[in-house]
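Quick setup: the structure tokens below cover two forms of a single protein chain, split into structure 1 and structure 2.
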Structure 1
């Protein structure tokens, strides 16, 4: 099958696809319902997927609600991102043992598992590409990220609806997956049935698809899949004019709006924890009480914490104003200087999971409006 052609899978075919990946030795990870949210975890079958569920999102608001159909991917994005698996929240780097005769240091071994991600949205593909550039693109490659990222099999899902806080169209990151995947699915649920229109983008994707019962998509089915994405693009919950945001923010470092947002921001770091591109970490050493064993670990950190910019004499960014400004200007402006792309993919997680509903699109709009008065 030519990579430009589209195929059709049934529900049963999707289950066979998951089975084929497991038989190839992949650890299959995808969306599932837990703790009243859609999270990413190990998937054994299609019964683990969030069938018939969707999410309602707004600033500081997230709720699961039932759908009126049996869609498996009829939601947007939840609190988890794929960096949870590629760039773990807590990672032991090495351990050491003191046996009375000397110290033996043992580096943490690379994981021996290969990931297969199912349900990766277009904005998340862009986020993975951004983290690829951060961890793999420079002179100093992160071996821990590389070990998890290499040989990963990615099944994207084109969005069938936009969330209340999504703005991927503004960031040119969605809702249709265009690169960075092996297979891409568009779920079509209608009177004529429940199917998945599939596009294969790599040889690995074609090889796996060949093991799964499928047929070529008709023109009507291909048009229906395209219509799903078009309708999603037209119903974004937010928008942000991002063409000039780099210059806008850097010439407004002393804008009074930073004081306004500081009065609301709790500096809780929720936005950085749920962001699929934030990558900051700290390193910690620990030992047991007998001082016979010790270890060094890396954990996620945030520019919102006081300790993150602490140097001798105090924190460089001691105020809420300075910490929020650092996060937002790095995400939308100086990330471009550092890595050549924006650090934002328009997923809207930082808006949804902010306890006080601070909206990054509104902050940009307010700063832009302030220049016109």
Structure 2
């Protein structure tokens, strides 16, 4: 099989694929149900996948509900994203040993694990590509990100349905996985059975696939897979007119709408925690009581906190208005200036997980509409 051809895997074939990855030494992680949500965690077998579950999403609303079929990937994205593995929420950077007058600083060693990500959605592939630019594309490289990223094996899944807060079509990031994966699956559940149409994009993907029983896809199967994605693309829960949003926001930095959203925003930072591209961090130092050992850790931080912009005398962004504006203008506008890409992939997590249901697409629309009046 070459990369242009599509293959078909059965459910059993998918299990063998996961086994093949594990035998190659990968730490296999994927979607699983926990605490009434679909989260990303270690996957021992396909039985750990959220079989027969789907999700219902809206502003400030997320519920798992049962499906009337046995689909393994019949939902969209949950509160987790793959950044929790590539850019860990808490990471020790170094430790220092003090002996008398000397100090020895020891860098944190690279992890000795390689990840295989199962079920990465197209929007998430784009999010990973965006964080690649942040951590690998500049003058400095983050060695921690690189160590986790460079050997990762990625199995994408083309979305079989759109969530209520999805708008990847508006951001040109989905729903079909086009690049950045080793294998891409389209799950087809129908009267004729339950199959995965597989596309291999890399040699590594082809090599692993060769170890797994599969057959070439028929034209009908390939067409069925294509129509799954087409239907998903046609049923986005949200949309955002994104081509001119950079200019729109930057000429509206004093728009009264920022006051309006500030009345609702709790500055809780949920949106930044669930966002698959938000990369901001802070550092914390700690030591034992004798100060014989100390260390520095890096943890996710959020531009919604007061501490984030604190310089002696006070925070630069003291008002919630300015903090919401910072987040949204960075995500949709200044990100382009910094990294040549939008920081938004249209996954909808910030809408779903906002406790008061603030909707980034609605806020853009309101600012746009305010210019019409």
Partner chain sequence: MAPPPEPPVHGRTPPDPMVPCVARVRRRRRDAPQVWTLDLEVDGGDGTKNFPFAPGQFNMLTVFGVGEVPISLSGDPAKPGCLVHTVRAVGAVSDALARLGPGDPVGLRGPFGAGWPMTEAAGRDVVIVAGGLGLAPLRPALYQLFAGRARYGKIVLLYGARSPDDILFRREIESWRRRLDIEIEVTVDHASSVWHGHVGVVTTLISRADFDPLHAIALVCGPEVMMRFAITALRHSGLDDQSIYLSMERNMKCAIGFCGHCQFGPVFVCRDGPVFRHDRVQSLLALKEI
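What we label the rigid core is the largest C-alpha set whose atoms superpose within 1.5 Å from one form to the other. Bear in mind the structure is a predicted one, so any value in this text is a computation, not a measurement. Numbering follows the first chain given and starts at 1.
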TODO: Quick one: identify the form predicted in complex with its partner chain, either 1 or 2.
DONE: 2
Task: C-alpha of residue 223 off by 2 Å or more between structure 1 and structure 2 on rigid core - done: no
Open item on the list: So, superposing on the core, is the move of residue 96 at the CA at least 2 angstroms between structure 1 and structure 2?
Closed with: yes
